[in-house]
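Next up: just one chain, as structure tokens, the form predicted alone.
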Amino acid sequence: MHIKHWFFILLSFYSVQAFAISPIQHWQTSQGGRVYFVRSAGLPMLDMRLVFAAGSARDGKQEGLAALTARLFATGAGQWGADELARQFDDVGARFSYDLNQDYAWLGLRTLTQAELMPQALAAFQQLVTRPRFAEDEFARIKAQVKIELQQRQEQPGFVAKRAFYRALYGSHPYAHLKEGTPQSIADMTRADVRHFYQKYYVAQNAILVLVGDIPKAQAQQIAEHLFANLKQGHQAQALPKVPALRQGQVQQIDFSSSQTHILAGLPVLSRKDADYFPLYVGNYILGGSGLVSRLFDEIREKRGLAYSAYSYFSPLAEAGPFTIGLQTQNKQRDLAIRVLKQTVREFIEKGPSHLALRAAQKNLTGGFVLRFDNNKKLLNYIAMIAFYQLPLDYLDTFQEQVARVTRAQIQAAFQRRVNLDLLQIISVGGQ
């Protein structure tokens, strides 16, 4: 059997196994690189992620630059073009991945740990991280693809609403634009722009390495030492500016030829280290985060049939991330849906949740928590978040206790402090 097929069989098997968390170990390499490691015994597998403060908030005036840079890593490294680089991973059943948000970008590797397999995967990953080619022909090809994708997304009312929503919330702040950029911003980018972005942000002082897998700590230390030794030292990215306070609320209607109106409402609220995190998190589960049993779903869908779904969520970031409420409704019901949305949130802020709703939310959130990191990949996501935002290393161990301690009074007070409906930004995109 080809090693790739065996690898996928192992992945499928592993996804249904019981999962226990070992303590998060943290250290610095001899070069000062920050490393977070969890020993996850059971299957011969290693997941690792190199995280850089290189998210879309670092784009500056070149919207989409961070995302374009991250996408180009897979197009070649060192002496290998895109096809040969892909074969280096594929031949040993390894996978390369990447993604980014507003705050950070990451490059990831999943590999089997056998001595005849892992060294090649690690070597290819190191080449990719430290010697990306960013070849002119690949740059032109990927840029053309991104432009086409963006032009297609311009025809989607949900995307148009999201873009307008972020600009309404953040104005001139670096969080104001979507990571994809715009067709014009992508068209204006050069290969030199990508190289400069890489040289500035993909450096050791701006990096965190996260490893989860069935290897001893000594081997994790060796991997980290070797990887950081080959990264340029550089400098840590400067802290992002504070999000400016909104001055007034608004309702912005964008005409769009569609039978449904997409509605987004919200405001900047929550950072990762905010003291109100858990009251807002638990409260939002009751308001709009619990699907079919949430307050928004009940008022908007069940009682009035105004939408197929209605939801809300907080997206905490390094600075104040958005509180987002969303739904889709028929064009003729747009104004009514917005009124019901605002009234439902207002009543929740004024009265808070019931004792029964709070107990049910806490039971669901604590009872299902372990399923959120019941395999290496899910756990890696959490540890990368803990590492980047410098949360306590026992964050996962104390999460359920923190949720269980939240009171109705804390939820009500937190929403009253942080969700000012007079400042609500409401964007609707649809036909008349």
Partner chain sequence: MLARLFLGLFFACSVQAAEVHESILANGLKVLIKEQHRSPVVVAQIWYKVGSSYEPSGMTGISHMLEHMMFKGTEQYPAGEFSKIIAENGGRENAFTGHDYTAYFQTLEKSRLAISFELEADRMQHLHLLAEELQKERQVVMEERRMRTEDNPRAKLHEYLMAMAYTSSPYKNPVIGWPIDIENYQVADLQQWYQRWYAPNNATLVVVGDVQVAEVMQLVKKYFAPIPRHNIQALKPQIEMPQVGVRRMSVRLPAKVPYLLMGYKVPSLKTAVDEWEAYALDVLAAVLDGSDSARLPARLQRGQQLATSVGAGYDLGARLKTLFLFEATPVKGKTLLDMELALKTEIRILQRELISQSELTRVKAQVLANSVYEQDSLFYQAMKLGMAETVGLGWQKSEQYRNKINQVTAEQVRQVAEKYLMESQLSIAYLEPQTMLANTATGVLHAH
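Numbering follows the first chain given and starts at 1. Everything numeric in this text was worked out from a predicted model, so none of it was measured.
Below, we refer to the form predicted in complex with the partner chain, which is not included among the displayed structures.
The partner chain is not drawn, but in the predicted complex it has no heavy atom within 4.5 Å of residue 179. The partner chain is not drawn, but in the predicted complex it has no heavy atom within 4.5 Å of residue 316. The closest heavy atom approach of residue 285 to the partner chain in the predicted complex falls within 4.5 Å.
Using a 4.5 Å cutoff between non-hydrogen atoms, residue 29 does not count as a contact of the partner chain in the predicted complex. Annotation: in the predicted complex, residues 114, 151 and 328 each come within 4.5 Å of the partner chain through at least one heavy atom.
Only one of the listed residues (381, 407, 364, 402) places a non-hydrogen atom within 4.5 angstroms of the partner chain in the predicted complex, and that residue is 364. Taking 208, 160, 340, 227 one by one, only a single residue has any non-hydrogen atom within 4.5 Å of the partner chain in the predicted complex, and it is 160.
Here the chain stands alone, but in the predicted complex its contact with the partner chain, taken as any heavy atom within 4.5 Å, falls in 89-97 among 218-226, 171-179, 347-355, 89-97. Contacts to the partner chain in the predicted complex (heavy atom within 4.5 Å) from stretch 250-278: 250, 251, 252, 253, 254, 255, 256, 257, 258, 259, 260.
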